[in-house]
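First comes one chain, alone, set out as structure tokens in the form predicted alone.
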Amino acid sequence: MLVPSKISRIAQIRLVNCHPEVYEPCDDSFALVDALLADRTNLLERQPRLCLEVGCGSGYVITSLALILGEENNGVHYFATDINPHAVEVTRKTLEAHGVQAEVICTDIASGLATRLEGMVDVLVVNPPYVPTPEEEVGCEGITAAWAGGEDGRSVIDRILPVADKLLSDRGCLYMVTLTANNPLQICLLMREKGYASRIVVQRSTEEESLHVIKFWRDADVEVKEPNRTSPTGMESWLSQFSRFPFRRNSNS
């Protein structure tokens, strides 16, 4: 049985590398790691063999995931991607500082990896660019790409969802940070149409934004719906608690 100190072990901020063009750990990063901690028992029961973070930034989340899974899951392969080459280098240094090994790749979402990892990813974690911005800011160079999500903050999220569906194994699960402005109910319905169940693992409201980390997993009991069908009973109720807050990430945190 694990002692509490090991259960709560995550990446140490003082060992997280930084760069002026790389998004540093902030409320959304902490919420995602807290969701992984809260769901640790389920993660261990799934005995994941391949974990991937899309948009690794500083490396705080993928490093924390590896530490959360711990020695119980020896033999796990970790991958991390980011479109920002500075983030790739920063993540590598953060991983090294914590004694964690992972393959870090500079690419857009999972371009070049989708065929290699198709149907193999057991745990996929994403803190996507979710802030509503002008479309021309999406995918631009530097730190802006870490938060620029286009109209409704969904431009990158909507590209990630079909990639996630292709990458996830039969027992795979996706943990994604969303903002109220992203219309998370619609995201859940889109994934439901693909056969995924979902639940909120962590909800967090700050002065700037209302965040929730949603977990998606394949569920044979989920009836695949045609688009635009009425949402399942209760789906609205678990989102009705979320208030709308001004939405922007703080790049100076």
Partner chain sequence: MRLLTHNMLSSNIKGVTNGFPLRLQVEKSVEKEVDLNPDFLKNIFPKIEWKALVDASRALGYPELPDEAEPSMLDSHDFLKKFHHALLELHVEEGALICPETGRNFPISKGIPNMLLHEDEV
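Residue numbers count along the first chain shown, from 1. Remember, predicted model here, so these are calculated numbers, not experimental data.
In what follows, reference is made to the form predicted together with the partner chain, a form of this protein that is not presented.
In summary, the region of this chain contacting the partner chain in the predicted complex, judged by heavy atoms within 4.5 Å and restricted to 86 to 94, 143 to 151, 129 to 137, 178 to 186, corresponds to 86 to 94. Shown here without its partner, the chain carries Gly75, Glu103 and Cys106, all of which come within 4.5 Å of the partner chain in the predicted complex through at least one heavy atom.
At the 4.5 Å threshold, heavy atoms of Arg199 stay clear of the partner chain in the predicted complex, well away from it.
The partner chain in the predicted complex comes within 4.5 Å of a heavy atom belonging to Leu113. Proximity of Val163 to the partner chain in the predicted complex: non-hydrogen atoms within 4.5 Å are absent; the residue sits far from the partner. In the predicted complex, the partner chain lies within 4.5 Å of some heavy atom of Leu50.
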